[in-house]
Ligand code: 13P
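Single chain ahead, written as structure tokens, the form predicted alone.
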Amino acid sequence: MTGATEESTFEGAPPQVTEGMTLSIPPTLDLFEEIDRLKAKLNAVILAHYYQEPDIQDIADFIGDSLALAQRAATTDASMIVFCGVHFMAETAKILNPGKQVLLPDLRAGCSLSDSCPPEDFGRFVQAHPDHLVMSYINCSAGVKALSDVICTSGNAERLLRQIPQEKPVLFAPDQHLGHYLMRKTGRELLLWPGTCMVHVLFSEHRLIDLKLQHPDALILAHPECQENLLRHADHVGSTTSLLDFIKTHPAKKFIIATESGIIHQMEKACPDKLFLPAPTDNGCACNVCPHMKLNTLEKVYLCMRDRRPEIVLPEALRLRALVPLERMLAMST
């Protein structure tokens, strides 16, 4: 497989909301109404991940996890996609929609997991194992996607892996904890890239046990990006969509949530009679909040639509290489 180290570029300076820029928005302006007006004017669709702040989730046309957002981006007939998530998600939307304008409200909204797998280093790793099929978690850059044979999400990774012949060795990247989880679920050996998500590795096992002792009737739900010592306490492990579906159908009234706490907003809306407790971290801070996801704000969504920047732009050769494993994922997920 040939290397692909080009990265995406961005058109226009990021619409950072400094004090002066905030003052440029009239204090009487109803941002909800203005965003609706711009959405109609620009034929725009707003896609938001479950980890976004509640206001952004409430204005989104569609809220979902990485798989659902990729599927929606692939089928939208909007002229503009405003992606309220992090940069690899906006890149994915652009890979699938070369003719549409894709905006990201804040360019600093990166991803620690994606950053843990630079395309140049990953390219060398792939070249050192030419007999391996490369299966990459969608939480990676366009450059890493372009080096992959198939993309997966936490929601479809096990299903896709089971479709790959047992005799074919598989290299899995970039999240090593999701990789270990898949190995335990399928009994299959994987060659793992040693990446991690800063949010999911900070949960504390002993504090989780303490919280469970305080709430013995609570069920523990966890994302597979968490470490194994945490997952072994979970009553259910799954993607954000899977966790949300679980609380809707399970009769329990109390849940401890071991993933980014943005999902709790949708859980509380879906089941207002139930209690959702964020899993704790070692230092007691709100470290289960992704600082990158939370860089997007309602003000920045308005400004990026008003100014039509910053726009995600990908070199066409890179986009075409990254498109192949994404389309393979979508085909294998149907």
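Counting begins at 1, following the sequence as shown. All figures in this text were calculated on a predicted structure; none of them were measured in a lab.
Not on display, but discussed next: the form predicted in complex with this ligand.
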Contact segment among 213-221, 73-81, 136-144, 98-106, judged by heavy atoms lying within 4.5 Å of this ligand in the model of the complex = 136-144
Find out whether any non-hydrogen atom of Tyr302 is located within 4.5 angstroms of this ligand in the model of the complex, and reply yes or no.
-> no
Is there a heavy atom of His200 no more than 4.5 Å from a heavy atom of this ligand in the model of the complex?
-> yes
Can Ser116 be called a contact residue for this ligand in the model of the complex at 4.5 Å between heavy atoms?
-> no
For Met89, is any heavy atom within 4.5 Å of this ligand in the model of the complex, or not?
-> yes
Could you run down 222-259 and flag each residue that has a heavy atom within 4.5 Å of this ligand in the model of the complex?
-> His223, Glu225, Ser239, Thr240
